[in-house]
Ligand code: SAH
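As structure tokens, one chain now follows by itself in the form predicted on its own.
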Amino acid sequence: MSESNTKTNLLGMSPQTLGDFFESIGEKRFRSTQVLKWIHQFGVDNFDDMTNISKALRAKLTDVAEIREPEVVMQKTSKDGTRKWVIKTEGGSSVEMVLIPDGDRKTLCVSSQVGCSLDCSFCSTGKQGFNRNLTAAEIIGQVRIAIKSYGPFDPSGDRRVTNVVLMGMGEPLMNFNNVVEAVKLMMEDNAYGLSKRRVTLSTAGVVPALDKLGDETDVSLAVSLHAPNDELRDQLVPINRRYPINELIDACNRYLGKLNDKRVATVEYTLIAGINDQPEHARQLVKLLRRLPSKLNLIPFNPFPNSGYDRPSDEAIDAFKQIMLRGNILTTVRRTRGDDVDAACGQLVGQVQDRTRRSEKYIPVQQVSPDASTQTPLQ
């Protein structure tokens, strides 16, 4: 075992966990706040640079702890300014993270797992299989990497990351503890200080974990829906077979009910030509979303090799949007960003040493009629 692997990595520790660590080494809890600021507000990696703590404590920390980010193995910048990083995780697999600049807004899309076990049929990530959950340090490390890409940390300067969305590789709620630890750091005043409205967790619908989430954090919620009925969603998003749409909508309402403000859920709906983009699908979706305080984000399908799917025409996308708007559903169409460097939604793949032994065969979903009454889900 290397010396590094015998030390405790402090990077992913929330204030509570870091306080517990300091007590475990015989130090006062308040020291954790000092170290937290050095790590996340000043971007320090070396304990010797933490000038407001004693030399003795710095020496102790050097012996037992470290501040270690994932290794960046590749960075690409799209012609539209979107940045994509490939980072190496423990065990040799790689994941991807994306920063999307839009004026003063800089949104970082972070990954939570190495691959994904949900196998949504329209997502390239799911076709890579699944290796493991990312640690809290590997998740929050993506935020530090993005900030440091602009140069040395400057706590008094402009925000280099204004929004974080857990919409990268993986299902965040299937890595519950590490994700919660990381989002607490994102919103911690002594760390990154992001507003709860600027940190969004996206889930495909792990209902028990969603119920638990509301007891741990008040992060904003996005729901990967992608279909207006169970028969179609069973095929596009297989976890729906375990937690059907009605159960998911009820869980979302329970989560929103725990918040102390008027926030709504963001519903994500990937439009796939001839699959879920028909007028009747839109009308079904209007009826469904009247049950949930929400706004709708339409995402034109971003192609990847062997998917078997196509992007709808601009006319079909607009027709779907207009039906939603006439139904009084606040609706936007997500502009495709970073597709020239495979950084668009659904295109993130990394390099996954698959532990699920999933077949490499790609099986596109059958076309399902809007009422889906005579279709049989893929098994």
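Keep in mind the model is a prediction, meaning the values are calculated, not measured. Numbering starts at 1 and follows the sequence shown.
The form predicted together with ligand SAH exists for this protein as well; it is not shown, and the discussion that follows is about that form.
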Name the stretch: of 115-123, 70-78, 175-183, 131-139, exactly one has residues whose heavy atoms fall within 4.5 Å of ligand SAH in the model of the complex.
-> 115-123
Candidate spot 220, 255 and 329, all three in 4.5 Å heavy atom range of ligand SAH in the model of the complex?
-> no
Spell out, yes or no, whether the shortest heavy atom distance between residue 282 and ligand SAH in the model of the complex is within 4.5 Å.
-> no
Is the gap between residue 234 and ligand SAH in the model of the complex 4.5 Å or less for some heavy atom pair?
-> no
Close approach of residue 300 to ligand SAH in the model of the complex, 4.5 Å, heavy atom = yes
Answer yes if any heavy atom of residue 96 is within 4.5 Å of a heavy atom of ligand SAH in the model of the complex; otherwise answer no.
-> no
Using heavy atoms only and a 4.5 Å cut-off, determine which of 204, 227, 251, 164 is in contact with ligand SAH in the model of the complex.
-> 204
Ligand SAH in the model of the complex - contacting residues of 245-272, heavy atom within 4.5 Å | 268, 270
